[in-house]
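Here you get one chain, nothing else, as structure tokens; it is the form predicted on its own.
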């Protein structure tokens, strides 16, 4: 599906239906007030996470040091270890971390409630601290919503924005005269049509507890389902039941054996090995499909937006960002780094490396268009998905516990338990969790 070009009019409409515009920080006249070397001589310490975005960023940190005159030290850890270190440092009030890479779909509400994020609103509005070409409004509405808390405070600057998209085997679709589904009503008949085991299975989605929670909203949201209403859990709504019925049926009838225990690795591996016709997951997995050293389907994969449903058209998105620690002794200097890390130049570098970003301007960059790493329909599907992006998980303190609760329900439904029954138990457990953590 071709992405509709983002005009000024449609972008402004997106702001009206998404989040408030927030601070506006792009005024050329400000250039004389801003100085990258304002904190020359300072030393910053960053806590980073192993991630494709960070892999690209680390190669250019010396550029920031030259630009700012500051010295940067950093430690890069796997996500769980980084979160553990962050917790230890902040609980001890050490002040040793100035800025950090944050996975907002897990940490957003928890770190905010703990007071670990320094709000960036005033920094963004300060013409002496924010470069005139940074442009907060260049980030998509979904990206800005993802870093903004219920009280309006901005906890981070969006870095990598993952969106769920539709992967499909162009050769298999062509042989059946099939096209990517426009609606969920088209999805099951299509999976059935392409299902020819043991050679090819119709579809694969994550089945494993917790991991499945990030892919389930690809069906839940367009079915009209949500997580919360008026602060209460609604996991047992009729929309939830219909969504889980469909998700479980697709995997029970048209997925490879053992899918109930598939995480992203097993899903992507089965797709790369040519065993599956349809796969829906995070856009960033696509880079390995086009890697001849790993994939048997290089050049055979098509990319499209997810199908819509009776509840609308959405793509679940998951956002990482660069945040300033509330305990940093050099908050303004740390903000300069987060600003540089998420500027337009670095976002172009990320996109050219096949890493997704939430800025709108990068997509029309001449270098991205002239030397794309990924196929054209990957960029089109990704850009279109960002425009319909919606936070993929409930923004609660106990998001990990929620993932376990719904994950168990999804697994049981795949195994044949009635959706209404497992969701009734999930709703009880979810509301108990909300009562404990959200007051």
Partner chain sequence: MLVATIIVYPIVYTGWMSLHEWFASSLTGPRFIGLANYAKIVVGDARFREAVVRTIYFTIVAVAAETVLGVAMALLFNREFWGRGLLRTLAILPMVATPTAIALVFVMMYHPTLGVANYLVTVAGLSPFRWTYSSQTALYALALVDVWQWTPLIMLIALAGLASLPREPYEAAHLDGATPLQSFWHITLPLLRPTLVVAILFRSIDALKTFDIIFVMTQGGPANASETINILLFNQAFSYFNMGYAASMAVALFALVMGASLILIKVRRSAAW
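Positions refer to the first chain, counted from 1. What you are looking at is a predicted structure, and each value in this text was computed from that prediction instead of being measured.
Not on display, but discussed next: the form predicted in complex with the partner chain.
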- Item | Residue stretch of 264 to 272, 175 to 183, 230 to 238, 359 to 367 approaching the partner chain in the predicted bound form, non-hydrogen atom distance within 4.5 Å | 264 to 272
- Query: Can any non-hydrogen atom of residue 113 be found within 4.5 angstroms of the partner chain in the predicted bound form?
  - Reply: yes
- Heavy atom to heavy atom, is residue 65 within 4.5 Å of the partner chain in the predicted bound form? no
- Decide whether residue 412 counts as a contact residue for the partner chain in the predicted bound form under a heavy atom distance cut-off of 4.5 Å. yes
- Item | Partner contact for residue 149 in the predicted bound form: the partner chain, 4.5 angstroms, heavy atom | no
- Message: the partner chain is absent from this chain, but in the predicted bound form, do 201, 401 and 408 each have a non-hydrogen atom within 4.5 Å of it?
- Response: yes
- Sole residue of 301, 208, 341, 124 within 4.5 Å of the partner chain in the predicted bound form, by heavy atom: 208
- in the predicted bound form, the residue from 144, 313, 169, 83 with a non-hydrogen atom within 4.5 Å of the partner chain is 83
- Across 247 to 262, the residues having a non-hydrogen atom within 4.5 Å of the partner chain in the predicted bound form turn out to be 257, 258, 260, 261, 262
